[in-house]
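A single chain, nothing else alongside it, follows as structure tokens in the form predicted on its own.
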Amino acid sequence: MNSPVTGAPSDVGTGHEARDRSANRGPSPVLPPASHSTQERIPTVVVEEHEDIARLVAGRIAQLIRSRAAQGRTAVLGLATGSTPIGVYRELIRMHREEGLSFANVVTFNLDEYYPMKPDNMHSYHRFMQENLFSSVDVPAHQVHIPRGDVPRELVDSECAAYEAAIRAAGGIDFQLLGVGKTGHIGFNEPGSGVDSRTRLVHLDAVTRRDAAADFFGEEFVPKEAVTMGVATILEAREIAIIATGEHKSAIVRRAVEGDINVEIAATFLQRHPATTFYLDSSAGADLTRIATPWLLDEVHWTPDLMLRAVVWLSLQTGRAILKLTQRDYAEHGMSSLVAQRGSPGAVNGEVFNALGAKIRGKSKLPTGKRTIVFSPHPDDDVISMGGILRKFVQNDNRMIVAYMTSGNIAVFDHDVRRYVDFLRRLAHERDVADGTVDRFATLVNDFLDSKQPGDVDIDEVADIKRIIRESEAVAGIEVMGLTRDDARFLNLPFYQTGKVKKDPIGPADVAIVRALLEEFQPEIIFVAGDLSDPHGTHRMCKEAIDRAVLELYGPRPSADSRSAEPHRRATDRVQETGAPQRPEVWLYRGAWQEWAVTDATWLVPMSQEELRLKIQAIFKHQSQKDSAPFPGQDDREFWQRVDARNKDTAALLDRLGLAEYFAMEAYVVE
């Protein structure tokens, strides 16, 4: 098995130290090692999971804090907000509680704040930092600094100058934590920010505001301005860690790490910093040259998986079907060693062609008669992402239930609530329900909605209506697929029930609910959402709940390593002796935002024109998400339009590669 840190050497040190920028501080501490290819202009560490990043970065911060404390000095941290650093903050909190890590000697400076924004506003970064870090550690309040978003406009410039002065008075920032936006912004240094920029008021880019729309319950409520540290301020930090996770960041990561410095992409300025490291999960690092096309850089070990990826890439680069690739094609694209290893272009072409063809699974090659649970994070992910295979599994007489893990109620517009309440009131009057219950209920709901402000948490009555709307739509959707309302389970996991976009961490109660369902149904196959780029992270959190429940119930996944073979045999013996449930196969689906690459997929499931039409009909049953969904991500199209294009594109890709032509296709990865 590969190390979780891709390409990181085992020795200590980065090979350079940042120059000391303050007379009262020693040399900059060095980072853990980060390898980079000749294409990478910023040292970059790629790990398998985003949780690994949190441990690495939090560990480095803890090392710095303890080192400074031992010397009787403060540690000055530059901190970021948003979803990216939350894992780091949770790990720091754990270290504070369990390992005694003290923040008494820590001084902090946050990157930015929206403008205008009061500190107690639910969207403010003051509140974010209190909820996600400061309230859970012992950092003194007077040592915390966050740009103010509540000063009069005529005082903003002087406030920004004072913020810069406070950083200098603290001796400069020792360690700066950054995320990166889709435009390549760091902090709120949007496209066009200069390398000499300092803390200032800026206008927010349209892409940035759209990214924040989910948190503000609509793009129209996102502030148009923000106060941010400048690029020059950031670059003066002695050490910088910049984090990115998810495939939606992979393109900008490659541009920032491998591209030229460009004023339109502020993250590229980090190439000038002597002690910056990029920390990526495998998805965010997928487009880096050393990962995407390593054969273009150096000699490689041609595994079957790498050969598959390389030949598909070559086919698309040359515009030739796989079986028509020539010796010259391989030679001109740095792949001669592959041909030499296999003996001829024809041998390589045939092996890859057959490997791709073996992935295709029509109805006759799919499981039959299996107990199957489809875990759907929201009440529409099942039909959006796997409607085609869902129908085929039903036709193959698999015993199925669909487990909707969250209510999805925050994704229902208030106007839909008003419409259903009006329906209830009209029905009550029409049928002479005269006790006034419906009228009182309708008045309560409408009065709340009349006074509701953007981002306000719904009262229970409104939240329940929204939940019931989503549940009824979910039932209608699976009925199109041939299932019944009895096949739907609504788990309503507690982590989701905050009424806000920000959710609680996955806890024991969430895991217990999932485990109970596994124990009751004893599935042989479970479908799990592997689409981790949803705008508010619910898919990732639902997968965590499932993974933890599976681990509790079935133990660690057996390893192919011979060292684990004997323990696995003993575990199997115990299962047979005690009648404990057998571990189910885990099939990962995607589709709401992205699809599995054909090279990554275990199975490719074709759909006919009629089957795709049926899938779209099931999606249409989710009327509250139709026309304009509250959380659409970065794609303006409706979910059914994305599905239609994506499933057809997957099939068309196989056609371009020279395989059989299908109308549409879904992709799945079996863990």
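Keep in mind that what you see is a predicted model, and the values were worked out from it rather than measured. Each residue number is its position in the shown sequence, starting from 1.
Keep in mind that the form predicted in complex with a small molecule is not shown, yet the notes after this line are about it.
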message: Taking the small molecule in the predicted bound form, would Val480, Leu612 and Phe620 all count as contacting it (heavy atom within 4.5 Å)?
response: no
query: Would Asp112 count as touching the small molecule in the predicted bound form under a 4.5 Å heavy atom rule?
result: yes
Contact flag, Gly499 vs the small molecule in the predicted bound form, heavy atom cut 4.5 Å: no
- prompt: Hey, in the predicted bound form, is Pro147 touching the small molecule, heavy atoms inside 4.5 Å?
  reply: no
message: Please tell me whether any heavy atom belonging to Ser83 falls inside 4.5 Å of a heavy atom of the small molecule, as the geometry stands in the predicted bound form.
response: yes
message: Among the candidate stretches 279-287, 184-192, 409-417, 147-155, which one is within 4.5 Å of the small molecule in the predicted bound form when only heavy atoms are counted?
response: 184-192
message: I need to confirm a contact call. Of Lys249, Arg238, His378, Arg590, which residue comes within 4.5 Å of the small molecule in the predicted bound form, counting heavy atoms only?
response: Lys249
message: To verify the annotation, which of these, Phe527, Tyr125, Tyr404, Phe393, has a non-hydrogen atom within 4.5 Å of the small molecule in the predicted bound form?
response: Tyr125
